[in-house]
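Listed next as structure tokens is one chain, alone, in the form predicted on its own.
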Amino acid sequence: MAPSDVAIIGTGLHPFGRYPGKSALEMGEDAVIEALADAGVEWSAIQALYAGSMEVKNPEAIVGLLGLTGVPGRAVFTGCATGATSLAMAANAIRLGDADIAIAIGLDKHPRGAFSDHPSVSGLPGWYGEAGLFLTTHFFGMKINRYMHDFGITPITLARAAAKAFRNGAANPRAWRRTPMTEEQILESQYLNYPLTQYMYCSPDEGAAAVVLARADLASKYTDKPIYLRASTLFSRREGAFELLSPSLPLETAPSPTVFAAQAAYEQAGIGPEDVDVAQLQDTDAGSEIIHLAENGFCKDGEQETLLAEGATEIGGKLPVNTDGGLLANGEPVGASGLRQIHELVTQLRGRAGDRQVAGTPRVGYAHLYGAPGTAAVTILST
């Protein structure tokens, strides 16, 4: 495995959900305080800050709650990949010598209901919204419907992915949705966008997460279980890729940006998919998790039908996926979601996940993010 010069020494999470009367910045403050305590450092030791949010235009203003130390604070936003971007930028600040200790923060507070806006904010014409195509639920329904047709995936496989998420959420005391659901209940719930039913989609919600990073050679001063950042990649879509906010189906297709992000991350880390012990995959909906299993190199297209039937992605399977319940059980505050993935992987790699702990104490963790406007990010961690 490739050497790493950056280590994660602490993580913090403000559980995702609904918190009337509490601001996104206040949730971020709680996550940072927890991360600092986990790392064993004071706020004054932080030398660089990168904060991401969709709803808060200047999330770096969190310094007003944590203490005005003069720390350089920068806001970042790359859609659903924001958490990976803030983590990568904090790591790069350490690599460049700008900081010995840095922090990545994500926070958001979304209103109820599907994400909505005018297509013009993404460079798309008005008719795109008038046709209903600007609804992300519509896009994900269309994409998995075509994928199921092309590769022989059946609805029960979608239901298995969703049921796994809710089972894992039930074992996670900090998950938002902690009620297990059967495959039958999920299949019988109302369709939102065929073939996806109500309980196959995640929901926008509220929450925050934070990760403290340090120079690898200093990490042992703060923790006896540093987790090393082995790879961090991000790619936007290429001509021909059918991705979120694509205005039409291309005549000549190209692979998803996830494929390129995954390949580059494996190369950076010096490993292959077979070396991953536990994974977090973007599950905006159950169909996305199915597609992303193949795009990240964990199987071939169509093999998901057998993998899920055999329980391969369960906590006790050969590749546990979304052990904390993923987006389906936790919801998606966009700025924080990617750092929630990192928090869960660090918890697993340290052997501290309790009832949802992967057996044998995993050594390699893999995090994948995907979202508008066709952007994918991959992060690989190891002990």
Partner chain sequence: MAQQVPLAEDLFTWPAEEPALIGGRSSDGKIVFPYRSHKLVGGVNEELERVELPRRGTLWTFTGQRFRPPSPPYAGDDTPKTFEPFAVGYIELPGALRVEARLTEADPDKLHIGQEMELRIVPFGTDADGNQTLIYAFAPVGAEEGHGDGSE
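These numbers come from a predicted model, not from an experiment. Residue numbers count along the first chain shown, from 1.
Same protein, other form: the form predicted in complex with its partner chain, not shown, and the subject of what follows.
Selected contact from Pro72, Gly132, Pro173, Pro111, since only one has a non-hydrogen atom within 4.5 angstroms of its partner chain in the predicted bound form: Filtering the options by heavy-atom distance leaves Gly132.
In the predicted bound form, the residue from Pro155, Pro180, Pro204, Gly141 that sits within 4.5 Å of its partner chain by heavy atoms: Comparing distances to its partner chain in the predicted bound form, the residue within 4.5 Å is Gly141.
4.5 Å heavy atom contact, Leu96 to its partner chain in the predicted bound form: Leu96: no contact with its partner chain in the predicted bound form.
Partner contact for Val121 in the predicted bound form: its partner chain, 4.5 angstroms, heavy atom: Contact with its partner chain, no.
Contact of Tyr228 with its partner chain in the predicted bound form (heavy atom, 4.5 Å): No, Tyr228 is distant from the partner.
Exercise: Leu192 in contact with its partner chain in the predicted bound form, heavy atom 4.5 Å: Residue-level check for Leu192: yes, a contact with its partner chain.
Interface stretch in the predicted bound form with its partner chain - options 207-215, 263-271, 239-247, 298-306, non-hydrogen atom within 4.5 Å: Single hit among the candidates: 239-247.
Its partner chain in the predicted bound form - contacting residues of 254-275, heavy atom within 4.5 Å: Heavy-atom contacts to its partner chain in the predicted bound form: nothing from 254-275.
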